[in-house]
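We begin with a single chain expressed as structure tokens, specifically the form predicted alone.
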Amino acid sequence: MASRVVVVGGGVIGAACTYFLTAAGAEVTLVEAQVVGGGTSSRCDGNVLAIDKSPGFDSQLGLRSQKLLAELAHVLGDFEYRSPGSYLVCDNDDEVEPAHTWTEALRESGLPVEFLEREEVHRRLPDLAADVPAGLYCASDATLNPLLYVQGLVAWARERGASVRDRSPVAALDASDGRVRGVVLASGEHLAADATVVAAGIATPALVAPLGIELPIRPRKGHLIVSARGRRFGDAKVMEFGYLMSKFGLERRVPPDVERYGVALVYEPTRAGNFLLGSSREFVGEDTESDPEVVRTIARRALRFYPGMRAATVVRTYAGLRPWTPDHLPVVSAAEGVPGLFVAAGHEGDGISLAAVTGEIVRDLVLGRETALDVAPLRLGRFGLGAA
């Protein structure tokens, strides 16, 4: 058993790994370059979804994470967890049949999903534009406050002995004789470990590259709009079916700016009495500045589905960088060619959703336990580019 573990990265993935490893009795040190939760985990929404996962392994991964999260809601402090389900709605008649097919495939994967004809979708979502032709609903989907979730995971672990070192950037992994034995901080301090978990999001490739590991993770920028408190447009998350098409790079019939910025409706009501709007997907390097044109495109797209939002007040916008992989699945894996090293990164927009199951898998990999799911699809070596 690896009794001493260093987790690199204080976002939601690193926080979940720290929680599950600490709960299993490991001596864990979490190191974060800035402040815990201060990166992408503070620049995202609170999606905990299975409805947007590909039927099969991907959706089962999401469902497992939802079950673990429901348990965490009884263990951690309040992180505004709610489970109202979520909706996908169709923009046009061309999307109805694919949405129906998606519903059936998710059902066959064991998800509580139902297809909604025009009359039913408008009965449940009366604020939708009148020409929305159909939709689907997943009862297991949930939402939460991402920053409170991260802080709750870390606080629980710290209270039970985990060491948390924020403002402690890692200069390099400490490797000798082909094995990782901890990390070297930018200050020059060495932190020794039996196992090192790199969960540093878009910074992960640079940390593992000196060991000959090529990790195809790229930053994918996403914007969100935050409304003032006031009228909301339902209590459940609503996305357009085109969100899936944008996520997986499929062609759809939308205005040019919507296509250019990868925009798709995401409406998320919060417990605070306001709502968030998204989303966008762009490869623009590490730029996190809000782009007014992208924000306008998101707003126009929201009005297409919710005309009544024209009277809503926007209080701020922000953007974050999601760690993208070519097959849209994260890397949660031992580095087979480099003993002592584990990677948990590349979740793109599913970090909040898959954090719990990622933490569980990392715990089992590090401690040599059997995993609850077959994690072969998450192996680092699937890309054929480096170790593992």
Ligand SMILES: Cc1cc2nc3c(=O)[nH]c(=O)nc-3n(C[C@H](O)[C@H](O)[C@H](O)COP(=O)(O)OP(=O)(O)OC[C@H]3O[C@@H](n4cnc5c(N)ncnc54)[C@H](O)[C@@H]3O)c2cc1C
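The first residue of the sequence shown is number 1, and the count goes up from there. Only a predicted model underlies this, so the values are computations on that prediction, with no experimental measurement involved.
Omitted from view is the form predicted in complex with the named molecule, to which the following refers.
Scanning A236, V180, L207, V121 against the named molecule in the predicted bound form with a 4.5 Å heavy atom cut-off leaves one residue, L207.
Contact with the named molecule in the predicted bound form, defined as a heavy atom within 4.5 Å, holds for exactly one of I213, A200, V154, L88, namely A200. Just one listed stretch, out of 131-139, 306-314, 220-228, 101-109, contacts the named molecule in the predicted bound form at the 4.5 Å heavy atom level, and that stretch is 220-228. Using a 4.5 Å heavy atom cutoff, none of V5, T29 and N145 lies near the named molecule in the predicted bound form. The named molecule in the predicted bound form is approached by G46, whose closest heavy atom lies within 4.5 angstroms of it. In the predicted bound form, A70 stays away from the named molecule, with no heavy atom inside 4.5 Å. Of the heavy atoms in P55, none are within 4.5 Å of the named molecule in the predicted bound form.
Residue contact with the named molecule in the predicted bound form: S65 places no heavy atom within 4.5 Å of it. Residues S168, P169, V170 are the members of 164-195 with a non-hydrogen atom no more than 4.5 angstroms from the named molecule in the predicted bound form.
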